[in-house]
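In the form predicted on its own, a lone chain appears below as structure tokens.
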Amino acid sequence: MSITIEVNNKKIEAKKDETILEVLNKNGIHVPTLCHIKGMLPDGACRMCLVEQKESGKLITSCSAKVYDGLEVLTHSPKVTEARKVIVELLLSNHPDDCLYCVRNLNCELQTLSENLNVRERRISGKKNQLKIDRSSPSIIRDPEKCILCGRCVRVCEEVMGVSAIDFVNRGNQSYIGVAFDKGLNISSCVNCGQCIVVCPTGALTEKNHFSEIIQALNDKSKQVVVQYAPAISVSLAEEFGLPIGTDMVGALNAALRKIGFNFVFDTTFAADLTIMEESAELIKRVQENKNLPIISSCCPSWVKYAEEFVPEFLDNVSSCKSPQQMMGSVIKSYFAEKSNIKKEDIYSVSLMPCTAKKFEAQREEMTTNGISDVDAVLTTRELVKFIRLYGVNMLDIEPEVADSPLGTGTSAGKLFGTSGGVAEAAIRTAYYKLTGTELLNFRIPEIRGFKNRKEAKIKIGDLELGVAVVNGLGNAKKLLDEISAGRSDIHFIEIMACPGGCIAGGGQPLNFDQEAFKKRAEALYMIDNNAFVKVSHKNPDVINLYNNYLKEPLGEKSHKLLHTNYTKRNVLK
């Protein structure tokens, strides 16, 4: 039902059940928010979205107040502006004065609000809370002194991820956000997904930085520094350099990494294809043996850690395949090292990932052999942008280059790993060929594309009707796993990605918590697939050569040693 309200003395149309904030946003009228997350129930905690009700002169929170016929509000009256300014000043009174050194400098919502509200002096002062920085996690650093208690991180961790690793502690001016029993993130239930970082408006949550180690390796003449980049990286950089969101910058990225000084540049899409060769073989084997079904993808390290902690009864269902990052790391320090006559201990392997959990994955004991890790350091997309700028590379004026061989060729099937449903789609393409000897007539599988929390499809492969489910957001994964525990048996393959939308919306991506940006990145990956000549992993020539000359066959002895692993139940504080 349509109604009419008045905003800033102008009449606009609204729907009866909408909040004032929804109507304002829909009509291009901006009011600031700090605690609000689009798509979640509002709580009105930060009070930044206040508007003035003309009739009563009261200030009301636009995120939680519903519209009604005849409502009249002012969004930037003197009373509203002064209230917002005081809120910001109160937050700043208990905030560190280290903007110059903060990782979020020039990209901080509190800093932006201070500028917009013309905060130019400290009118409110007092004793500041003194809280310790938590550096215990391999992926995430918590600085509670920079926290403004907006609660976004708590809500994402609980409502989207179903993890609840962090929560409010104490009350009043003694409140802070902490971990169970006031311990470190490293022994908590945190799955390192980094979604808390993405929604944090300040520098209270950041990824653990590996700049110094990588720079040291680049300057060490005894090291061969090798870099790989995930499928989602090339379509996530453009917005940080002023180009349209989703622009594929793969050629410029290859050239930039060489200018920085990396000795070899590889595309992890190659390893995504390699993952599909192993995972599709594993899927077929389990279906034929009717054992440990459904098989669940293992590409997302946040999901794997979640399984170890919350649903260990499903660990036998999780694929034994390493993720593409770790497969590439393993192949670099074995096949590539031998082929290039380089000692593996002289290789420093760096990965560029859209995911903070990849930092955790790289240091797992299972990913290390005789003290040598498959991957030595990980940079997120955000960190990569800073790294490129640190070395003065102009991404807008650089001649595109191709990745190095023999680990630089990837198919569009591997490229699809960057979006929710991509792993399943790539696996189905290859499994179909292996089981029937023919290719899918239409490689595109629309039923498992898109941004729904859960997508399901039934794929006819010869006499087999393959049940496939794709889930993003760990809270949604738990619901599906509960159904399977209750007896559901029509699903054979499950793809789980922790981050809503998949890697294109990963916890290490540019700080743009916007569904439209995610969709454009996904559309870019699908466009690459549409235009590609080779759309299936089993036709990747470099992958074929790797099997012919080194691995021999999927699930073979050498493949199992280098490309597979296992996981066990993990006891953490909850």
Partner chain sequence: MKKNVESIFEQYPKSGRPDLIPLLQDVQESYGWLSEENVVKVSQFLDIPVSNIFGVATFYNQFRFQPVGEYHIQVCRGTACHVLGSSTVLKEIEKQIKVKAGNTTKDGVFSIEIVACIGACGLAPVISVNGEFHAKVTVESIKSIIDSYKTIEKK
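Predicted model, so just to flag it, every value in this text is computed and none were measured. Positions refer to the first chain, counted from 1.
The form predicted together with the partner chain is left out here; the points below concern that form.
Only one segment in the set 436 to 444, 166 to 174, 373 to 381, 422 to 430 has residues whose heavy atoms sit within 4.5 Å of the partner chain in the model of the complex; it is 166 to 174. Using a 4.5 angstroms limit between non-hydrogen atoms, residue 180 touches the partner chain in the model of the complex.
Although the partner is absent here, residue 573 is a contact residue: one of its heavy atoms lies within 4.5 angstroms of the partner chain in the model of the complex.
A residue is said to contact a partner when one of its heavy atoms sits within 4.5 Å of a partner heavy atom; residue 134 fails this definition for the partner chain in the model of the complex, lying far away. At least one heavy atom of residue 158 is located within 4.5 Å of the partner chain in the model of the complex.
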